[in-house]
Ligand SMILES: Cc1cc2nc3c(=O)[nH]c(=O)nc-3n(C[C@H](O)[C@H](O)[C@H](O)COP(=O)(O)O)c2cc1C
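This document starts with one chain, in the form predicted on its own, laid out as structure tokens.
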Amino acid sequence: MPDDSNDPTSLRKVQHVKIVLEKNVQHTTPTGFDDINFLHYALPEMNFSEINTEVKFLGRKFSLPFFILSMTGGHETVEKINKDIAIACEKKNIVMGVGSQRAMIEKPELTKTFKVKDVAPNVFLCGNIGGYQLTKYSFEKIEKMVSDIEADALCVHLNPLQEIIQPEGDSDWRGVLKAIEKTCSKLGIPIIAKEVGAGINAEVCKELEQAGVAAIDISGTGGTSWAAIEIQRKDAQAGNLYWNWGVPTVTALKEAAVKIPLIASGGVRNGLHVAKAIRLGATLAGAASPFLKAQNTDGSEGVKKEIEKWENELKIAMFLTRSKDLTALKKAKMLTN
């Protein structure tokens, strides 16, 4: 077993997980989901057991419109987290992502902490690298990185707020969009551009679509704040001022005028939130911390139970809005103020 206890990147992975599990690092501003409501139907006129939650995304059919978002990898102690999540995602046929693979590029012996297809060979797996890292690593390294874990898609995360708050963060973001465009044109799997909790505005969504990304995770404010995490990790004083910086999830979702699929994340905490996100135009909705906490409590079974809880909540919203499937849910009537 490699000794990576003094490696800054690996240590950061452990610190991030520990902070999310033990500290309050949520935005204190709302996502916007509580400000919108469906019109209730006292006569659903359907059989609850026949509600269809299947969705097509990036050429594959999934049983539920859920995405367990990128969380971790890159340290021996978090390997089990990824495997437990993968097992649950395969059983429920939903999408999962791993954390930033930068650690395995720098230390190949950590590759196994991102590998999950030995325990979940059919899971739809999204690799992960930072947009900034695309400007620094060769295409060959990126290609090998996704191949080594048999990724079905690659998430490119955009985290300028986190990086600029982080004492050791990267501050020169020139050329990131061009690097994304180059990677989209050469990599043999779809690329998903994603924020990590500060939102993607409409202008940037359009730029990413034009660059060739296959989907966008708008990841707005309302959930976990990475500025807050950096405050807890390194006492990053500027983080207090920017704890709630960003575009709220619902605002980002409403304003993203693109033709490619959207993923709603950032404060999505239950199946009703998922239903509202789909009504507002999302194809999938995702979260990380609720599933990390479920895994920490009861391993893969805990993750599976959390997925099933969200599934039931989503179906209740569909039942009460006469939405027999997700296509109907996209047209469900809303209450007007």
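Because the structure is predicted, anything quoted here is derived from the model rather than measured. Residue indices: 1-based, along the sequence shown.
The form predicted in complex with this ligand exists for this protein as well; it is not shown, and the discussion that follows is about that form.
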Which of these residues, 287, 64, 282, 275, gets a heavy atom within 4.5 Å of this ligand in the predicted bound form? 287
Would residue 84 count as a contact of this ligand in the predicted bound form, using a 4.5 angstroms cut-off between non-hydrogen atoms? no
How about residue 226 - does it come within 4.5 Å of this ligand in the predicted bound form, if we only consider non-hydrogen atoms? yes
Give a yes or no for residue 69: in the predicted bound form, does one of its heavy atoms lie within 4.5 Å of a heavy atom belonging to this ligand? yes
Using a 4.5 Å heavy atom cut-off, state whether residue 113 contacts this ligand in the predicted bound form. no
The stretch from 96-104, 142-150, 171-179, 203-211 that lies within 4.5 Å of this ligand in the predicted bound form, judged by heavy atoms, is 96-104
So which residues in 150-169, when you check this ligand in the predicted bound form, have a heavy atom no farther than 4.5 Å from it? 157
